[in-house]
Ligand SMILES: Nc1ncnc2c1ncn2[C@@H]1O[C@H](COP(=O)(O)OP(=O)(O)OP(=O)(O)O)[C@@H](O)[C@H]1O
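One chain follows as structure tokens, the form predicted on its own.
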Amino acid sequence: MAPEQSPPGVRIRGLTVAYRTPAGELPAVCGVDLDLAPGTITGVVGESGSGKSTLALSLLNAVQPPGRIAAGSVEIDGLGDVVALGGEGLRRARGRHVGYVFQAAQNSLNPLKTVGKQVLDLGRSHGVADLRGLLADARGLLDRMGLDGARVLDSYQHELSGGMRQRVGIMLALVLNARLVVLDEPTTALDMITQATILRIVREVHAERGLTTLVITHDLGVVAEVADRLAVMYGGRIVEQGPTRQVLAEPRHPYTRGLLRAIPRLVGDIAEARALPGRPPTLADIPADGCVFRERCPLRMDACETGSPPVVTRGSRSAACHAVRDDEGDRPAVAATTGEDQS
């Protein structure tokens, strides 16, 4: 299907999302800058609790209390700053401009209604005049994804497998012709064959419909398969970003290198896979000053204790780390983890 309009670009600037707790407001996302170039697939990767899903929900201005977007902007071409939207304008933006595929697909479906009735509800809520045409589009999308579209539209969620529900979620995100699509953990809890099918669908639909796509995942294999660019999150910050192949082939931040080193190999010495020491910070113990990764970092230095790491940008890549702050620091930081393991 040829795209009817240009895919939007997205510019996230200084985004901070805080949650109200007995200890005060604590940031789950802090000062994030990220661009989604029109027509590209961007992957955001990190351990559980790194702020990935909170970042994704910010694109819908859908952070729920006790959370709130405390600072920053999310500019989407053709829509403006989502953070400034509210009421009817925000409701219409969801689905029409931004399609969202939730992490747990079964939780985004109404167990008391068939899929087809939920498509009709979606159409009515957005003022779609041709509801029969909308159902035909939904059926066509499901057929395109290898399902019996007519059967699925007549089914309840409990009659569908996890992989089928995930594809229904993708259909619901696309059926109103949204040009920006967010997929939150699209392959979690799926078997490898179904994962491969979902990723193929993501690539094909992205290209055919001319989308801008954001994929949230903890799986580096997923971003390696589909993403043009990769952003690595830790403790609510983006610590490294750049073209996916470059970041995976030559990671600059010690956290990215630790993630790669922890991946089990199918061949070779299984002992080469090493878990990151320690554990990710919780919302209550993310350091307010200094580097958020310092407690687990093999390159920890005095500057990491109090100074926020500078964002070092080289061409299309950037990393926030004291060890790569200049040319003299960049080469030793890379060399430090490409030889013997320091853990």
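On a predicted model such as this, the values are computed, not experimentally measured, just so you know. Each residue number is its position in the shown sequence, starting from 1.
Omitted from view is the form predicted together with the ligand, to which the following refers.
Undergrad: Using a 4.5 Å heavy atom cut-off, state whether N61 contacts the ligand in the predicted complex.
TA: Judged by the heavy-atom cut-off of 4.5 Å, N61 is well away from the ligand in the predicted complex.
Undergrad: Indicate whether the ligand has at least one heavy atom within 4.5 Å of a heavy atom of S108 in the predicted complex.
TA: Result no; S108 lies far from the ligand in the predicted complex.
Undergrad: Mark G307 yes when one of its heavy atoms lies within 4.5 Å of a heavy atom of the ligand in the predicted complex, and no otherwise.
TA: No, G307 is distant from the partner.
Undergrad: Can any non-hydrogen atom of S50 be found within 4.5 angstroms of the ligand in the predicted complex?
TA: S50: yes, in contact with the ligand in the predicted complex.
Undergrad: Among the candidate residues I69, A28, L299, V311, which is the single one with a non-hydrogen atom no more than 4.5 Å from the ligand in the predicted complex?
TA: Going through each option in turn, the one that passes is A28.
Undergrad: Can you pick the one in L283, L34, A303, L276 that has a heavy atom within 4.5 Å of the ligand in the predicted complex?
TA: None of the others qualify; the residue that does is L283.
Undergrad: Given the stretches 51-59, 35-43, 311-319, 291-299, which is the single one in contact with the ligand in the predicted complex, using a heavy atom cutoff of 4.5 Å?
TA: Of the stretches listed, the one contacting the partner is 51-59.
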